[in-house]
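One protein chain, two forms: both are listed below as structure tokens, the first as structure 1 and the second as structure 2.
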Structure 1
């Protein structure tokens, strides 16, 4: 871990809806994740973990507050610049995988290059081998189990060789053997390559691999 912070969130508030239907998803979050740190966000369902990851990645603009990514104020950027920063610096692993349904597992990984992202030295095929899907490279998402879809999403995230990996329940749909495999991959990325990793999870096993656990409750870091 270095002294430099990869992610900084300052007084983040996210409010959905208005008047009677107003819902405060994040309520004054302050958070720093150092470069090269492996941290987990833990907390009950609905506590705001996913919303926080979306804010940190720039998918969701907070109602108030600021986010810095590698020294760049993400919340001050326009939509196109946020998109570019996310593409070039951050890999997102979604809770619901978010694979493109019309392309194969390989295509879902390779799509990042088509989007203009700079990619690492590993090819999509190699990454799919790494997550144990070498035999299902040509399968469509509809031909994969949930756990396999999750692993494709992880391979896609690793393809861009990102500085920061934000993962939302990355082991939620996989068996214990594959959970270990995925966590080994995350650990390698963190230890060998110095990637910053922030994982939202309910899983104590995942938390045990991380260097720091950040507890959340009712939209706040506790």
Structure 2
């Protein structure tokens, strides 16, 4: 696979259940995201955006089809190898922030190194400054707003110096000021650092900042 594409999905199908209870979540997805591209997935709730992000990151193995990440066939790897590739190459920013409640903002960023992930040259403190939370680095998640928690999750994702950033509704629970700050961080990551970014969103503001909009409906790219 060409190294000009950071992500390639070929004929991806994901089927949950069986027989009369079968649900087709993804129905023959074909998709390429170029290295250094900032793209968004848009579509109604339940159209398969989150499922597709999970497949592209290796969290979910598709029922059929193939995924390549930076030239490596992700779907051909075993569970441990998929985890290593995801840890080393991909940053995931979930709709639920998944912060450790008893650990400070700084500690929630630094935890990635303790989990064995390779990290970049920026420290947790520097990354929290980048997302505008330098003054709250010692705060617990319960002492932060939802927008601030989301920015801690973004700083944690950036700590691993990922080549690819996958984000699921990163502005869904934040006010307009925090939304602008989050989008500024994504743009900087894309334009200044060359990161490949794919965001699942309903937000037209996010779409307006991206280079390409990929529309989904009923498990298909339309």
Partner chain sequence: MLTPDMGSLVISNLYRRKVRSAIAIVAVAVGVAAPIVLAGMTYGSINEVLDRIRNVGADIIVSRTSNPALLGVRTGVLDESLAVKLGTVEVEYDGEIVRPAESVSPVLVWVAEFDGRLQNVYGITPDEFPAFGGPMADALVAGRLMDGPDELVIDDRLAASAGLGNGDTVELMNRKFTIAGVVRAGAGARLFMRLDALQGLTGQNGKVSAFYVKCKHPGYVSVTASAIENEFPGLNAIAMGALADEMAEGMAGLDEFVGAVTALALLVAGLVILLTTYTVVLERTREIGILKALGASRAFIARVILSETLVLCVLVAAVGVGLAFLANLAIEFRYPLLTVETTPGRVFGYAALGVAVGVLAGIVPVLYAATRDPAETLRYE
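All values derive from a computational prediction rather than experimental measurement. Positions refer to the first chain, counted from 1. Think of the rigid core as the biggest set of C-alphas that the two forms share within 1.5 Å after superposition.
Only structure 1 of the pair represents the form predicted in complex with its partner chain.
Once you line up the core between structure 1 and structure 2, the Cα of residue 77 stays within less than 2 Å of where it was. After superposition on the rigid core, the Cα atom of residue 92 is displaced by less than 2 Å between structure 1 and structure 2.
Taking the core as the fixed frame between structure 1 and structure 2, we note the C-alpha of residue 145 moving 3.0 angstrom.
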